[in-house]
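Okay, here we've got a single chain as structure tokens, the form predicted on its own, with questions on binding and movement later.
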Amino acid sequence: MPVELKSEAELEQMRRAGRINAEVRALLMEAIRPGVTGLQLDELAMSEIERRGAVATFKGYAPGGKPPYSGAICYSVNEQLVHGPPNDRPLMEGDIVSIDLGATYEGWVSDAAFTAPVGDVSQEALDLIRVTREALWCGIEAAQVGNHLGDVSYAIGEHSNGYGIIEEYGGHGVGREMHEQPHIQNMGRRGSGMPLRQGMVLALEPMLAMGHPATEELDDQWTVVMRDGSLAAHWEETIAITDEGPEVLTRID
């Protein structure tokens, strides 16, 4: 079952974790440019997370016998969909880069991601980034008390605009652990799945590809790429379900 916040104090702790995540992501967005490397971005993220009294959630994560994850960020470029460990490859003009960030504050986890252009990129790449972000906000708007999880998944998938919808990966519950129940697909049927209740905390995470949605994992046991080499985009926010509507926790204000 997903975490259900029991008090305003717990919600405020999640807000603090989310604000830290948002502040660090804003700095990462500003730092993205041709020539910068994933390792440099990772060093920035690590130092800024620690400066705020938080912990890099991803670093050392080792589910299911995988090797411990090496970075504070997931750094996925072009055809890389998710989970790319930061490396020393410089970003190039025309690339797109997806950065996923986890920050844990006093035991509460925030999880969010974005895809950014590197310098001047093609209009096709910009459209993919835009539609993926719009799909995220469609899912957020559907995350209302009384709706069902399938309504969120349907709203995301309905806005895919013909792009490939990644089925193997998606959103999840989040709170005391990075990945909690339920799994949230990026396509679904209205009215299906569990009902959404006050206090639930979810990370919505649409991923779209310009080509076929089939993926594969590389030999490093982390990096997931599009099998056909097409560009992929990834956006994510952590939200709380409230009686007043969904509250985005991974934001600055």
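As the structure is a prediction and not an experimental result, all values here were calculated from the model. One rule holds for the numbers: they count along the sequence shown, beginning at 1.
A second form of this protein, the form predicted together with a small molecule, is not displayed here; the remarks below concern that form.
Note on the interface: of 209 to 217, 25 to 33, 55 to 63, 182 to 190, the segment with non-hydrogen atoms within 4.5 angstroms of the small molecule in the predicted complex is 55 to 63.
Just one of 165, 178, 140, 125 comes within 4.5 Å of the small molecule in the predicted complex, counting any heavy atom, and that one is 178. With the partner omitted here, the residue from 172, 159, 148, 133 that has a non-hydrogen atom within 4.5 angstroms of the small molecule in the predicted complex is 172. Residue contact check for residue 74: one or more of its heavy atoms lie within 4.5 Å of the small molecule in the predicted complex. For residue 205, a non-hydrogen atom is located within 4.5 Å of the small molecule in the predicted complex, even though that partner is not displayed. Although the partner is absent from this view, residue 100 contacts the small molecule in the predicted complex, with a non-hydrogen atom inside 4.5 angstroms.
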